[in-house]
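One chain follows as structure tokens, the form predicted alone.
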Amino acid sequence: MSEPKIQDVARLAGVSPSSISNFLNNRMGQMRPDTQAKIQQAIEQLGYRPNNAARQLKTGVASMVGLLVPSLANQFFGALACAVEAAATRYQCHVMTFSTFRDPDRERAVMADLLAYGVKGIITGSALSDTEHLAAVTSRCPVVAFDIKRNDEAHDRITTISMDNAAATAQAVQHLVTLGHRSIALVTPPPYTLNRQERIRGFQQAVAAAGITGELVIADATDGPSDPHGDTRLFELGRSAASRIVTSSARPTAAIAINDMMAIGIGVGLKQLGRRIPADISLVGIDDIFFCAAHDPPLTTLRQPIQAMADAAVKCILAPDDKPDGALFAPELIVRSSTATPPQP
């Protein structure tokens, strides 16, 4: 059976091919909402996909993939962008990267621009709990989301790529318990995102299984209304959270940060408060960004296999017949000198 054409969509929707073209290129200023709904329904019913190759031959536009990340201020997402670019280059494809600050309205606007540009697919670097706006795009192009596990029917139309976030914090707890720690804090920005929620779940389950004290420290990000998730201020949120760790009634001898940027901030804050790492408090991060090895002392962390995850995400878009839908990657514990046995009472 041949692929549906724009004329087939127009016939089913009862509109002209030029109306379909305007819809596909997001030129809908004069188009009635009911007409837009008919076109969207026809596209979904026929499984129509725009012929991006033909469009690129006509316009001279190179093959593109869109990448949406919360903020490039977090070095992890800079590394992810480089990894996606490296993977896309193997398919002679370019990458357009945008910081969206986890704002659904901004994500919708950026995705509309990317669709108008004729991208082959969209990758989102860290998904919010509500993915409806991502699912809505899947009839127009493939969407790959990091940090979603394939266990929710709400994500059925989205291809998912993720590190096992719960396993990351669980491994961190197990490492610290093996060293002898009995009171551990987990420090996180507001847990609005799926990966943060999973990391909290892994931590809580691991401390419960070990029979030790686990304290959740949620850094306050309300003083930054333009960044309620704290993505652009992770270092400062970590630094300010250090005082809550040292004054906690649970007296934690170790802290796990939700990511490395926050861990580095915690490390600076602890030193400013006169605490030694790891002699007084052990410290663990997650991601294994470049700065971990340069931290004083070098930071123990859980490594995300960034390049392997990026390769899988790009393959889902550019080589869909070989896509690893629902891929879940294992974290790797990287032990450095920021963790040690707890201080003697």
Ligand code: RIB
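Computed from a predicted structure; not experimentally measured. The first residue of the shown sequence is 1; numbering continues from there.
Only in words, not in the display: the form predicted in complex with this ligand, which the text now covers.
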query: Distance check, Phe77 to this ligand in the model of the complex, heavy atom within 4.5 Å; finding: yes
query: Partner proximity in the model of the complex: Asp231 to this ligand, non-hydrogen atom cutoff 4.5 Å; finding: yes
query: Partner proximity in the model of the complex: Asp147 to this ligand, non-hydrogen atom cutoff 4.5 Å; finding: yes
query: Any non-hydrogen atom of Thr300 within 4.5 angstroms of this ligand in the model of the complex; finding: no
query: Candidate from Arg140, His181, Arg102, Lys120 lying within 4.5 Å of this ligand in the model of the complex - any heavy atom; finding: Arg102
query: Listed residue (Asn195, Thr253, Thr160, Thr124) with a non-hydrogen atom within 4.5 angstroms of this ligand in the model of the complex; finding: Asn195
query: Heavy atom contact within 4.5 Å of this ligand in the model of the complex, the stretch among 195 to 203, 170 to 178, 265 to 273, 85 to 93; finding: 195 to 203
query: Within 4.5 Å of this ligand in the model of the complex: residues from 286 to 304 (heavy atom criterion); finding: Asp287, Gln304
